[in-house]
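Heads up, the chain below is alone and in the form predicted alone; it's given as structure tokens.
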């Protein structure tokens, strides 16, 4: 049996248990374990040593990320709920326009906008995820905003044209 397989078998239930207790969900515990052992596998393949304290640190970081994700999601729902209650009629149309305009953008620009505004990630976090620098992300964000404004203007112009031809 390989060293990694032994490490996995010896520690899988520990990782799932820790994550499950912290996140109050067996499914979330399994997901954390999957990601933790994916990271461990990459470390093992790179020839770096595996240890329980190191693995526990990875699990703590992954759980912290999940807590932050949940907080962002809750804040987004709260914010959207406030927005919906204050502008119920025009908001649905605005959201549809934004969604349509986003779909028209190149994938790289759409991703940076989604990560920034919907997922509330920092420039540094986005750079790390995309394997680039924070400066490159700031540049992409400027371009993405410009493209989104243009796409929204195109949608608005198209909608205005459609409305005037139906009259």
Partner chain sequence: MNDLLGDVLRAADPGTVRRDSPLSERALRELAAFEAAERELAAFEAAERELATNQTSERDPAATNQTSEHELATNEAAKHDLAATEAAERAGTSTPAEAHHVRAGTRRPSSADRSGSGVEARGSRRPAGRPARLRPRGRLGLAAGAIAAFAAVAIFVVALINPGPALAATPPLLELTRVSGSAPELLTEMAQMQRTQPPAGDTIRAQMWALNTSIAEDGSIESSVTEPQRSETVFAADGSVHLVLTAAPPFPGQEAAGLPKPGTVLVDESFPSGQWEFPAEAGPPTSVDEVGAYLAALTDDPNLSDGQTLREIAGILSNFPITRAQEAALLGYLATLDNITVAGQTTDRLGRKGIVFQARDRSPDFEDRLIVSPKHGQILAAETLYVGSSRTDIASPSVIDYVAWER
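Residue numbers count along the first chain shown, from 1. Since this is a predicted model, take the numbers as computed values, not measurements.
One more form of this protein should be noted, the form predicted in complex with the partner chain, which is absent from this view; the next part is about it.
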Inset, instruction - Could you confirm whether residue 20 comes within 4.5 Å of the partner chain in the model of the complex, counting heavy atoms only? - result: yes
Inset, instruction - Examine residue 104 and determine whether its closest non-hydrogen atom to the partner chain in the model of the complex is within 4.5 angstroms. - result: no
Inset, instruction - Report yes if any heavy atom of residue 151 sits within 4.5 Å of a heavy atom of the partner chain in the model of the complex; otherwise report no. - result: no
Inset, instruction - Indicate whether residue 14 is a 4.5 Å heavy atom neighbour of the partner chain in the model of the complex. - result: yes
Inset, instruction - Would you give me the residues of 28-53 that have any heavy atom within 4.5 Å of the partner chain in the model of the complex, in order from first to last? - result: 30, 31, 34, 35, 37, 38, 39, 41, 42, 43, 44, 45, 46, 47, 52
Inset, instruction - Say whether the C-alpha atoms of residue 42 and residue 136 sit closer together or farther apart in the model of the complex than in the form shown here, given that their separation changes by 3 Å or more. - result: farther
Legend entry - Relative Cα spacing, residue 124 and residue 39, in the model of the complex - shift of 3 Å or more: farther
